[in-house]
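One chain follows as structure tokens, the form predicted on its own.
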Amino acid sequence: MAQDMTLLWGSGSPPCWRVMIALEEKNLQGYNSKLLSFEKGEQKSKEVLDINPRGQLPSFKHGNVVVNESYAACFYLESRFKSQGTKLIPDDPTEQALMYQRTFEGLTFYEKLASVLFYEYYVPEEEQHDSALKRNKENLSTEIKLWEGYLAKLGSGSHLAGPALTLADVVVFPTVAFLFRFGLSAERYPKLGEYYALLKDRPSVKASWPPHWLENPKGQDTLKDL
């Protein structure tokens, strides 16, 4: 089963991490895993382009099925292997609706994070402006407060869509982990801090933790003032 799967990925990529957590939660260990280097431009290699013409990571293949978008891959894995591992889409209609809502809000959350952390990577130097980065930070701060409020309403010890882990957590946790890796204050955002602590030692998360974070546990302080 998992032996028919290939995942090409990069360390510290939230989209890659989402798929890796989903694979772990569905008990699909033993897939063909290949770590590639963004610094060396290996995401543009023929090996990747043969699976993913966009030249992006993750690139995921299961038999003859190719699913490269991280959200799509996570949904595919839950649908294809719904009877094994963790049930990631709840049966309860209310929890299911909240799961879908938070899952897709997670796209906006990650985009606002990326607009700050990866600003210099995505924006050509001649187009970079301090005012734009300041605005991006303000937008991210507003977004973080929104998620802090979501968790406050659900109560202590909750996941994003209720008491159990769902696809919403699979796709959003990497974004939250990045926030704290880059200096977000758990004292200022206690509910997000509690949520991060709840999931960071989960077996699926520990098994897929970015290798270069393990090598260098100390993060940066880019977001310490948010």
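Heads up: residue numbers just count along the shown sequence, starting at 1. This structure is a prediction, so every number in the text was calculated from the model and none was measured.
Below, we refer to the form predicted together with a further copy of the same chain, which is not included among the displayed structures.
Although the partner is absent from the chain shown here, 68, 104 and 108 each have a heavy atom within 4.5 Å of a further copy of the same chain in the model of the complex. Remark: residue 152 does not count among the residues lining a further copy of the same chain in the model of the complex, judged by a heavy atom distance of 4.5 Å or less.
Among residues of the shown chain, residue 53 is one whose heavy atoms approach a further copy of the same chain to within 4.5 Å in the model of the complex. For residue 80, a non-hydrogen atom is located within 4.5 Å of a further copy of the same chain in the model of the complex, even though that partner is not displayed. The closest non-hydrogen atom of residue 131 lies within 4.5 Å of a further copy of the same chain in the model of the complex. Scanning 90 to 106 for heavy atoms within 4.5 Å of a further copy of the same chain in the model of the complex gives 93, 94, 96, 97, 100, 101, 104, 105 in sequence order.
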